[in-house]
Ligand SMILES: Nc1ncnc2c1ncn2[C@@H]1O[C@H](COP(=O)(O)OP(=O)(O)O)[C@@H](O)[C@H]1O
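A single chain, nothing else alongside it, follows as structure tokens in the form predicted on its own.
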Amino acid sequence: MSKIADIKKSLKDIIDPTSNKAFHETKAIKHCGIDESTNSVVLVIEVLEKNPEATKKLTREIAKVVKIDLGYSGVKVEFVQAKVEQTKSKTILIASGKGGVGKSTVTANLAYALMRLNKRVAVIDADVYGANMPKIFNATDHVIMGNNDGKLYPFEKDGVQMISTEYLVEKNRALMLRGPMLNKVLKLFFEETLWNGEIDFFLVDLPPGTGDVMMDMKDFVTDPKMLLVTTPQANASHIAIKAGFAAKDLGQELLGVVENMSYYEVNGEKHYIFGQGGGQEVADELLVELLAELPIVPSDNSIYKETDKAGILYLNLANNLLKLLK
């Protein structure tokens, strides 16, 4: 057996604490050499997570084997982090030109509709100035927990996971942040949240308009898709068109338009109390499809049952999105 093979064999059962697997299981030894001039071993070791505590522990264990068991004078170890395979999760940004159009309600109900179609869904409440997702999920009293590394565990209900800026501030207090700090909050949600299992769809509830959060999405999402929410009102549709063009300028693919609060139905008759045609106007101007016209439904619950008329419309919307994303 060659010297290199002997070294690799002697190190093969060392456990990487970040993966709890032995070197031979993960093929962790990417390079092994001997510096004859100094009688030292030179190693490149791949670990699942390159953190100081783990690499220090591994260095000690490797040095013990190389110096004491094998008799070499020294060892030089370089650690590299394993490339994690990207899941096929898709991110849909839910946007609106102005506030008050029911964007957060649309986001939550779309999440439930996708879940009912057997998709694994996570909601990121990035509406930093008007976070409302905990209220919609009936989870305002939930206390967000984290691990020793400062990573967060999301709230989970009915199989839908959710994280919100509301959990980062005291009750009834606003999150008052500017550009650079907003980016740090987004980093916490996108990169430092411990989502349970693989996620098929991330739905991101954006703040209204075209501010920092929309522009910062490029730092966290490689292939962002957008759903634009408006109402039939002329002032809402006018501003929604601007938001749609801004999204296109930022390279965010516009999937389509959702017209919320389209009508109020009484005894089978639709009453268009906010007017008609706003959603179609936005879709036509932006050259996309009007994917849904959702009614006003008086209810104590913001999330509709799948047997409700509105729940069925959301299932249709979810199915339309799945077809677009094939």
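Each residue number is its position in the shown sequence, starting from 1. Model, not experiment: these values are computed from the prediction.
Although not depicted, the form predicted in complex with the ligand is the subject of the following passage.
Undergrad: Is it the case that residue 304, even though its partner is missing from this view, gets within 4.5 Å of the ligand in the predicted bound form, heavy atoms only?
TA: Yes, contact at 4.5 Å.
Undergrad: Although the partner isn't part of this model, could you tell me whether residue 165 comes within 4.5 Å of the ligand in the predicted bound form, counting any heavy atom of the residue?
TA: Taking the distances in the predicted bound form, the answer for residue 165 is no, it never comes within 4.5 Å of the ligand.
Undergrad: Any of the heavy atoms of residue 41 lying within 4.5 Å of the ligand in the predicted bound form?
TA: Residue-level check for residue 41: no, no contact with the ligand.
Undergrad: State yes or no: in the predicted bound form, is some non-hydrogen atom of residue 93 no more than 4.5 angstroms from a non-hydrogen atom of the ligand?
TA: Flag for residue 93 set to no.
Undergrad: Among 110, 228, 101, 126, which has at least one heavy atom within 4.5 Å of the ligand in the predicted bound form?
TA: Only one listed residue qualifies here, and that residue is 101.
Undergrad: 65, 54, 296, 290: which sits within 4.5 Å of the ligand in the predicted bound form by any heavy atom?
TA: Comparing distances to the ligand in the predicted bound form, the residue within 4.5 Å is 296.
Undergrad: Between the ligand and 105, 132 and 261, in the predicted bound form, does every residue show a non-hydrogen atom at 4.5 Å or closer?
TA: Yes: each residue has a heavy atom within 4.5 Å of the partner.
Undergrad: Hey, of 45 to 53, 253 to 261, 29 to 37, 277 to 285, which bit sits against the ligand in the predicted bound form at 4.5 Å between non-hydrogen atoms?
TA: The contacting stretch is 253 to 261.
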